[in-house]
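In the form predicted alone, a lone chain appears below as C-alpha cells.
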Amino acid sequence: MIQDNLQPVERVIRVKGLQKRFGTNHVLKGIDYEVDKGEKIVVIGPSGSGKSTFLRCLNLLEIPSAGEIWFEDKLITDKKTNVNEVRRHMGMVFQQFNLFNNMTVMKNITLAPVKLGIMSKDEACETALSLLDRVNLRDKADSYPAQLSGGQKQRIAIVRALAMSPKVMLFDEPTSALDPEMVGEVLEVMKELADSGMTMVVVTHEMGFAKEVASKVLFMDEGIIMEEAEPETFFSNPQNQRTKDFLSKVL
C-alpha cells in the first residue's frame, strides 16, 4: 500500500571518511554514516574500539584528522565553523556528569542559555523547572551536585543539555559510572526522551536499552563500523563473526 502522507527524510548528521589519529594511534579508520531526524542510533563495541571518539567528533570535542561531518546542511569540519554554534544544537551527556560542583542545580541548568543570550534569566528558570519536573527532581533545584546521588546527577546533566533545546542528543556511556541500582532511573529518562522524538546517538553497554529503544544498532571495533542493523535483526541474526563473538560475551 502506498502511503501518500509519508514525510520526507530529514538528514541531521552526515559523516564521510571520518578518521582520527592521536599521534601514531589510528583510532577511527574511515567512517561513513548518516543519522536522520528522530533516529535513535545505539553504538556498541569493546573498549578501545573508537566509539567515544566517534561520538566526540560529531560535535567537534575531538577535531577529526580527516573526513567531513555535516550537521543539517552545514559542513562543520570546515575551519571557519563556529564550534559553539554547532554545540548549541547537539546536547552532550558524559560518563562523569561534568556538572559544576560550586553551583546549584538551577545555576548549572540556566548558566549556558542565559550566558549565550538564548533566554532571559526568568525564561531559563521556568524552562529548568519544567525540565526538572520531567525527571522528577524539581525539589533538587537549590541543591549542589555533592548532595545528589549518581543517578540524580546524570538526570540533571541530561536536563542541562535539554535546556539548550538541542536538535540532537549525544550520550557517551551515560550509565557506566553509576551504581547498578541507579542505572534504571537514567535509562528511564532516556527512553522518555526517545519516545518524545528526539534524535539520539548513544554509546552504551546497556544491551536491553539497545534492544528496546534503538532504531539502529552499530557495532564498532578497531576504528570502523563492522555491522549495522535494526535491533531485532542485529541481536537475533548478527552477520559478522566479530559481532557474534562480542554478543556471546555480553548477552
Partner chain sequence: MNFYALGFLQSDFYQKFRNAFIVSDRYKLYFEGLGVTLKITVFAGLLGLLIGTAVAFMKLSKTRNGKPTVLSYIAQVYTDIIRGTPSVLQLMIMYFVVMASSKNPTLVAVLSFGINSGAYVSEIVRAGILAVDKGQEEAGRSLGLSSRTTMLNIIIPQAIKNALPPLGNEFIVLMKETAIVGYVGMTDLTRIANKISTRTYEAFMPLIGAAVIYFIIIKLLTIGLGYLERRLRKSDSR
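For clarity, every value in this text was computed on a predicted model and none was experimentally measured. Positions refer to the first chain, counted from 1.
Keep in mind the form predicted together with the partner chain is missing from the figure; the text below concerns it.
Trainee: Considering the partner chain in the model of the complex, find the one stretch among 120 to 128, 177 to 185, 133 to 141, 84 to 92 with heavy atoms no farther than 4.5 Å from it.
Mentor: Within 4.5 Å of the partner lies stretch 84 to 92.
Trainee: Taking heavy atoms only, is S49 within 4.5 angstroms of the partner chain in the model of the complex?
Mentor: S49: no contact with the partner chain in the model of the complex.
Trainee: Tell me, yes or no, whether K37 is in contact with the partner chain in the model of the complex, where a contact means a heavy atom of each within 4.5 Å.
Mentor: Contact check for K37: no, nothing within 4.5 Å of the partner chain in the model of the complex.
Trainee: Under a 4.5 Å heavy atom criterion, is R155 part of the interface with the partner chain in the model of the complex?
Mentor: The answer is no: R155 has no heavy atom within 4.5 Å of the partner chain.
Trainee: Taking the partner chain as it sits in the model of the complex, is M106 in contact with it (heavy atom to heavy atom, 4.5 Å or less)?
Mentor: M106: no, not in contact with the partner chain in the model of the complex.
Trainee: Check V15, F22 and A66: does every one of them have a heavy atom within 4.5 Å of the partner chain in the model of the complex?
Mentor: Verified in the model of the complex; spot residues all out of contact, no.
Trainee: So which bits of 81 to 120 sit within 4.5 Å of the partner chain in the model of the complex, heavy atoms only?
Mentor: Heavy-atom contacts to the partner chain in the model of the complex: N84, R87, R88, M90, M92, F94, N98, L99, F100, N101, N102, M103, L111, A112, K115, L116.
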